[in-house]
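A lone chain, given as structure tokens: the form predicted alone.
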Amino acid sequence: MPILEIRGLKKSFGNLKVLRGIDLTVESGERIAIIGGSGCGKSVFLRSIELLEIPDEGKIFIDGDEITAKDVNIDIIRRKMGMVWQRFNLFSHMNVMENLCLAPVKLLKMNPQEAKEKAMILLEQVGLTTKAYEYPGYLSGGQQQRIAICRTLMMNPKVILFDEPTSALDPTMVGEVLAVIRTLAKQDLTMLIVTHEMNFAREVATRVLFFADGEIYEQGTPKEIFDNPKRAKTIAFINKQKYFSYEINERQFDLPKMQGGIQTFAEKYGLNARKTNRLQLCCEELIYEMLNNSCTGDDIKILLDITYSELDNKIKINFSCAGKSYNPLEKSIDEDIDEADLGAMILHNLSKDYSHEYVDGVNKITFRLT
């Protein structure tokens, strides 16, 4: 029997559909990393599992018990899960030991002395025994998050949910928290981890879920998702790809507006001046080459797509133009180049990995900027 099963989970906020029907089965001992862009529903998904956000539709089963059933004791089922938040949520008026022992003593009726002994064992595992009677305000963010993880473990949960556990930390503290989670992973605990730490997800997870468009857009092993993603948005996310598009529907198009858009795009993602100028020049020459040699009449249909990969700092241009078949780089630059072929020569010098095909009356050109 799965430790966690989710069927048709939907959640909206007004007209905004955040979760559009999530289905997921989690087996005991699985470590699932959940990745995706900001606002894709990752955190809402975790909060919905614990009913901290009430789903609009769907069923959730935890260790065989349906937490979404009518008249169910939600608090009893919820104890089977532990949640580690972005912001620690320790009680500031209690010291570390009091924070750790409160829930197991009150809810699980654990003997107070046994709770203290267990707390010290967990604190030893995370290297914080000397902080047992400190107050949260005197601890670093990394120390508070390690305490928050210990607090979750005090309840012996069947499933642990981590909601971006390092996002609120100074970069110098991230490693110490991830090290604790790595240790937990070796104990075959069942974990769902929303994270933006891709190397960590690759190392720790047994399965990776990529969220997009309010759904599990793609899932697989870390190797499948990080080394060989299949779907377009997963590929773009993994390669940290950014996009700029511009459409031209008339011969006398607004060139300064297009170049200004490219300039803004380049500045936003830190492209240097040389690369920006080459990109602008390449796009301008390509457009005029096609306007002069492919387009007939005033029925202009040109689409320019620029893709910039932050991962390898490469720029790819996809260009489509309806009209006659024309390949601006078909002419070799070794031939005599007259003034009319100057644009083709510029494109030769600026592009590589070039391809051209003519399909259903549309020229499709792809190349990378040198």
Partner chain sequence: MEFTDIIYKVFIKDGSWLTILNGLRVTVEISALSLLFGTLLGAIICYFRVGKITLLKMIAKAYIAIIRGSPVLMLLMLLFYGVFAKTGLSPIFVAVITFSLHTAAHVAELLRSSLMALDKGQAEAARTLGFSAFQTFKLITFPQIIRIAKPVYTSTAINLIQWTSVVGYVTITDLTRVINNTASRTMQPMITIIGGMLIYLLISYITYRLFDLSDRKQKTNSGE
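Between two forms, the rigid core is the largest collection of C-alphas that superpose within 1.5 Å. Residue numbers count along the first chain shown, from 1. All figures in this text were calculated on a predicted structure; none of them were measured in a lab.
The form predicted in complex with the partner chain exists for this protein as well; it is not shown, and the discussion that follows is about that form.
Contact residue in the model of the complex, from Leu178, Met155, Ile238, Ala115 (heavy atom within 4.5 Å of the partner chain): Result of the distance check: Met155.
Residue among Arg78, Lys233, Lys242, Arg278 with a heavy atom within 4.5 Å of the partner chain in the model of the complex: Partner contact (heavy atom, 4.5 Å) among the options: Arg78.
Distance check, Arg47 to the partner chain in the model of the complex, heavy atom within 4.5 Å: The answer is yes: Arg47 has a heavy atom within 4.5 Å of the partner chain.
Contact flag, Leu102 vs the partner chain in the model of the complex, heavy atom cut 4.5 Å: Leu102: contacts the partner chain in the model of the complex.
The partner chain contact at Trp85 in the model of the complex, heavy atom, 4.5 Å: Trp85: contacts the partner chain in the model of the complex.
Heavy atom of Asn293 within 4.5 Å of the partner chain in the model of the complex: Looking in the model of the complex, residue contacts with the partner chain do not include Asn293, since no heavy atom lies within 4.5 Å.
In the model of the complex, segment of 187-195, 248-256, 131-139, 281-289 with a heavy atom within 4.5 Å of the partner chain: Looking at the partner contacts, the answer comes out as 131-139.
Contacts with the partner chain in the model of the complex - residues in 75-97 whose heavy atoms fall within 4.5 Å: Counting only heavy atoms within 4.5 Å of the partner chain in the model of the complex, the contacting residues of 75-97 are Asp75, Arg78, Arg79, Met81, Met83, Trp85, Asn89, Leu90, Phe91, Ser92, His93, Met94, Asn95.
Displaced residue check between the shown form and the other one: Glu164, CA, 2 Å or over, core reference: It does not, since the Glu164 C-alpha is displaced less than 2 Å between the shown form and the other one after the core fit.
C-alpha of Asn95 off by 2 Å or more between the shown form and the other one on rigid core: Yes: Asn95 shifts by at least 2 Å between the shown form and the other one.
C-alpha of Pro112 moved at least 2 Å between the shown form and the other one on rigid core: Shift at Pro112: 2 Å or more after core fit.
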